[in-house]
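Next up is one chain by itself, shown in structure tokens, the form predicted alone.
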């Protein structure tokens, strides 16, 4: 286990080179694999999670070649995947496991999806249940991975499935399985979750009141194409937060994905008084992107709860850090989903921030952070969670003295260059 030491920063100045968006990249790789013909994915990231998806697809008989611009994927069509020669290792990537489960539920061969120790503790009943309703023969161990999927004896059956919890991964798994069903599979969501799958597959979407109905038609052929992956908003959020909270800061982030189902943290930071400028809004690969600039801000507390939570669930750890620098009391609720991420992010962020001197309370579904207490550098622990490691790095910039982050290598899961970019801005 490696560590990084971050010192208190008196400025953050410069431009950040962000990684490509792994949520879009996972989907582009899977869609290209089951498309007909060769697809190019521009800006495919080299971070661990998206590489796990490529590794699994190669085991399923898909040819993938790295290029100067990204990767070229030779699609095998909906029915061209091959039985793997062993378990499919998803590493730390829940997206890889859940989306591939949707594809594999309709295949005429057995398969098994496995992951690392962290992924092996994440709940999978939420995808197993709808896939079983479609006729998928999906087996778990006490609701957890590995996921064993028996060969499908016939085409899957279409269902109408109302998501009990807002989850883009569950939604995507069911829609992908719907491509292997007889007829139309409909997913109904009352709280919008990230919409990359329906955008990228151009699925029919109908909104009635507060509910969205997304339809996947069985046998829908996917044409080979060029997919373009924007810069990752979740990665940008750490620098938006740091730039708003650290004195004498001016940070520029170019070509960042600003899909409204992903960028809730931008709205929250702005509501807290963050001086963030959004410019050059445009489309890239079917996704909205923009250039972002943030500078030092006078921050105040907010309440974070309700329908916006699915749109910023990954950014809550760093928003909790920013809340320590905001005047007043920030309440974060309706975020129990954080307890079943790569770690229990509620418990671990509360534990680490308390260790640094924060005035913070833990709740079953969130936390309360009272701002105005100066953090103090100490030894903190990522527990192998990339979002926690990077959030604690931002805390280290705000804290007096030095902060040592154990398990710092976890950042490579989504942002291999994170530590270099942070030090460059801080002149450390």
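Numbering follows the first chain given and starts at 1. No experiment lies behind these values; they were computed from the predicted model shown.
Below, we refer to the form predicted in complex with a small molecule, which is not included among the displayed structures.
Checking 276, 166, 76, 203 against the small molecule in the predicted bound form, a heavy atom within 4.5 Å turns up for just one residue: 166.
341 is the sole member of 355, 293, 341, 225 with a non-hydrogen atom within 4.5 Å of the small molecule in the predicted bound form. In the predicted bound form, residue 333 stays away from the small molecule, with no heavy atom inside 4.5 Å. The small molecule is not shown here, and in the predicted bound form it never comes within 4.5 Å of any heavy atom of residue 231.
Proximity of residue 249 to the small molecule in the predicted bound form: non-hydrogen atoms within 4.5 Å are absent; the residue sits far from the partner. Remark: residue 189 does not count among the residues lining the small molecule in the predicted bound form, judged by a heavy atom distance of 4.5 Å or less.
Contact annotation: the small molecule lies within 4.5 Å of heavy atoms from the stretch 311 to 319 in the predicted bound form, the single such stretch among 311 to 319, 265 to 273, 77 to 85, 113 to 121.
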